[in-house]
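Just one chain follows, in the form predicted on its own, and it is written as structure tokens.
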Amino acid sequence: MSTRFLFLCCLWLNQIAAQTNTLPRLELKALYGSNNLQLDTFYKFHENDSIKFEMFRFYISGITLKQNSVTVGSDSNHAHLLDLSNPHSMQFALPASKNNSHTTKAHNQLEFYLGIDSLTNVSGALEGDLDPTKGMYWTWQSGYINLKLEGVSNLCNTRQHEFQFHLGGYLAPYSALQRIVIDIPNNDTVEINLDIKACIEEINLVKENLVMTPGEAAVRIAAIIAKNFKCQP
């Protein structure tokens, strides 16, 4: 058997292995009700008010694919920074972990975290989407900002009616990290929607419009946002 033939066989087997370990493509969409959310656009909010969103950025991490609660695939990228101002960041293919020995053709659940876990928070300066220059890092004491949501509403008694939610914190009892498990179809592309209107309607903007540090409010609002992630059938 020639060396060239062996080389071609190995190359073919590697390609097959890469295909069976390829996870679905994720597409995350921010919505305002039934419409795609657009930054710097006014939307009707309640009867006599409007609302505008100027920034929406958040981390998702620890993505795993499951079949009946059994892990069948995991993402090799620890964390992804999604930014509504950058549409390319809102969709990506999930590269399979080198430690994943399972195929991922059958799956019915997606698990991930909204935010960054405590171990990563104490690991010092990191690269890629976790680079502090991305603007999603407080200090070594407070760690990463899991989510930023900023905008304007007349309900806010603040300078220029602004609201700012910078949610994070990794130390007990105010860890803002949120675990999310969603039933998904067995498709090559999975669309996950987040209705920001539903989230903001649960927040009293008159009384609560500035959350910039870890604490009870950050945890509560993070939980509101986490429960509004839904899979598009």
Partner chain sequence: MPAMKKIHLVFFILVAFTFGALLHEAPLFIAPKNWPKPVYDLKKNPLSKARINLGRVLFYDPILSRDSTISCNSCHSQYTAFAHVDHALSHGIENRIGTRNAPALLNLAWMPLFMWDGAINHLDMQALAPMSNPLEMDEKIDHVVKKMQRTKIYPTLFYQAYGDSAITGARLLKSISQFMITLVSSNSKYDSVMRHQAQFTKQELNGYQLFKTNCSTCHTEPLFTNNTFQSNGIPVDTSLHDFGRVSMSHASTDSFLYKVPTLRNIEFSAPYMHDGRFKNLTVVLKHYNEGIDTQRVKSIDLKKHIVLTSNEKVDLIAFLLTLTDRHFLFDTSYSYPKKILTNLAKD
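Everything numeric here is computed off the predicted structure, so don't read it as measured data. Positions refer to the first chain, counted from 1.
Just so it is clear, the following notes concern the form predicted in complex with the partner chain, a form of the same protein that is not shown.
Visitor: Can you check whether N157 is within 4.5 Å of the partner chain in the predicted bound form, heavy atom basis?
Guide: Residue-level check for N157: no, no contact with the partner chain.
Visitor: In the predicted bound form, does N77 have a heavy atom within 4.5 Å of the partner chain?
Guide: Taking the distances in the predicted bound form, the answer for N77 is no, it never comes within 4.5 Å of the partner chain.
Visitor: Heavy atoms within 4.5 Å of the partner chain in the predicted bound form: does S142 have any?
Guide: Answer yes; at least one heavy atom of S142 falls within 4.5 Å of the partner chain in the predicted bound form.
Visitor: Quick check on T133: any heavy atom within 4.5 Å of the partner chain in the predicted bound form?
Guide: Yes, T133 is a contact residue.
Visitor: Taking 4.5 angstroms as the heavy atom distance cut-off, pick the stretch from 24 to 32, 189 to 197, 169 to 177, 66 to 74 that is near the partner chain in the predicted bound form.
Guide: Residues of 169 to 177 come within 4.5 Å of the partner.
Visitor: What residues in 197 to 214 sit within 4.5 Å of the partner chain in the predicted bound form, counting heavy atoms only?
Guide: Contacts from 197 to 214: just P214.
Visitor: Closer or farther: the C-alpha atoms of I63 and W140 in the predicted bound form, versus the form shown, with a change of 3 angstroms or more?
Guide: Compared with the shown chain, I63-W140 is farther in the predicted bound form.
Visitor: Between H80 and W140, do the C-alpha atoms lie closer or farther in the predicted bound form than in the shown form, with a difference of 3 angstroms or more?
Guide: Relative to the displayed form, H80 and W140 move farther apart in the predicted bound form - a change of at least 3 Å between their C-alphas.
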